[in-house]
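Presented below, as structure tokens, is a lone chain in the form predicted on its own.
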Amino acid sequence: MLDTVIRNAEIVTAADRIRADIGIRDGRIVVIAEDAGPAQNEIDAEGLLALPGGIDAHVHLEQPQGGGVVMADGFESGTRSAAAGGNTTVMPFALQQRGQSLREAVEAYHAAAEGKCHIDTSFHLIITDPTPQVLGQELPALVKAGYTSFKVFMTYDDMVLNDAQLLDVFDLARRERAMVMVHAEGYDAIKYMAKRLEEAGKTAPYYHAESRPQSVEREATHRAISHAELTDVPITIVHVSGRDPMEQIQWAKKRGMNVFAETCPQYIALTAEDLKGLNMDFEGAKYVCSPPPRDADSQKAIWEGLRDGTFDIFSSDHCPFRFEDSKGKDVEGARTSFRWVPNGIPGVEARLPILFSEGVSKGRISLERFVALTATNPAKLFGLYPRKGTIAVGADADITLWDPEREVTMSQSLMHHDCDYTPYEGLEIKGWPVRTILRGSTVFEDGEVTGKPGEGVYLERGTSRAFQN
């Protein structure tokens, strides 16, 4: 007998949609049929969509910040919020601080997550100190152990890698068959712009956006692609914000290069105008993230890219800091200059509803494309497919049931994170996740997180499908 059967479901994958029952045993899907047969538990999905559980491939949780700043979400609250947003897997980053062993960083992150996760997790690595020890021993061993992706930064004082270091890391990634994620913004150009704005007395949060114009993202994206071409390695350009960097990615894709791209909710739901706050005041700090939201033309470009395949994945870049907190956005110095406002906004719970509502409900993208961007492609890109990212016999029974007609006004009162605001307050949403099922067990239903911390497991990953092209 089956453990659970989901009846009357309209099942949607990245390839097609069918109406059938889904039979689950021991956490896996074992049958998809018109009548799956008897089960100990039954879920009636009449009128609902059954989609693969969301995979958010870009999430920052409990990440060390320095300067007295503390991230709002740890593993318990972050994965709780993710489950409420229809996700069954998140991929946070294990950050290597300069001078720290990479292995040490990974072990510390596992210790922080142990027994706290509501849903499944798998870590990317962040490389900030590519020493001979890291490149020669630690990183190759970690890739072989299932940490098959890592991120590098082209900006930020304590994270930026120079071109020689980037090339060394890219070359290692090619040898070890690991995916490199790139934060592409030009470090020196941002420093120049920030200094010029501060000297002119332009210090409000809004000027964070002006200090990071699209040109600095375009230049860095072009440089990252050039390095990838030189070293012959697949890369993913993360959190792409507008048309200028998109054109660089389109150029590479047209030439057959293995360049992949990610965008995020802030680039379809916010603009730089939000950073002005009520009257160029500190309220604008709620929207400070990097790259910053752009303008209406950039939003139009992002939608074009979501439709035409420029973008492969849609992630949240969840990076939460409490607003009314001296250890968060209101850290010492933040009111004197945008430079000191912690960069990042919450979004792991809002990601799927925003894309569903603005994309599927408004006819901008199909349901199949929604599934590809939010579940199937992340699973393929980061070595989790076919265990994750699809509804198929043999896959984990990670399923989110959606009510495509439910209308909700986005509000902080609905959120399950530990941040004290949502940047999407008041956004009207049509289409809402009503039940999240992790390996056959319901972890969220009708507004309540029903799962317990520790139900999520850590996932070792295989090689990205990008290396099979």
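Don't overthink the numbering: it's just position in the shown sequence, from 1. A quick note: this is a predicted structure, and the numbers were derived from the prediction, not measured.
Keep in mind the form predicted together with a small molecule is missing from the figure; the text below concerns it.
Although the partner is absent here, N343 is a contact residue: one of its heavy atoms lies within 4.5 angstroms of the small molecule in the model of the complex. Contact check for Y156: a non-hydrogen atom falls within 4.5 Å of the small molecule in the model of the complex. Taking the partner from the other structure, the small molecule in the model of the complex has no heavy atom within 4.5 Å of any heavy atom of H416.
Proximity of R369 to the small molecule in the model of the complex falls outside the 4.5 Å heavy atom cutoff.
The partner is absent here, but in the model of the complex a heavy atom of K151, alone among K286, K388, R294, K151, sits within 4.5 Å of the small molecule. Proximity to the small molecule in the model of the complex, defined as a heavy atom within 4.5 Å, holds among H183, R80, H124, R218 only for H183. Stretch 315-323 is the answer when you ask which of 129-137, 221-229, 97-105, 315-323 has residues with heavy atoms within 4.5 Å of the small molecule in the model of the complex.
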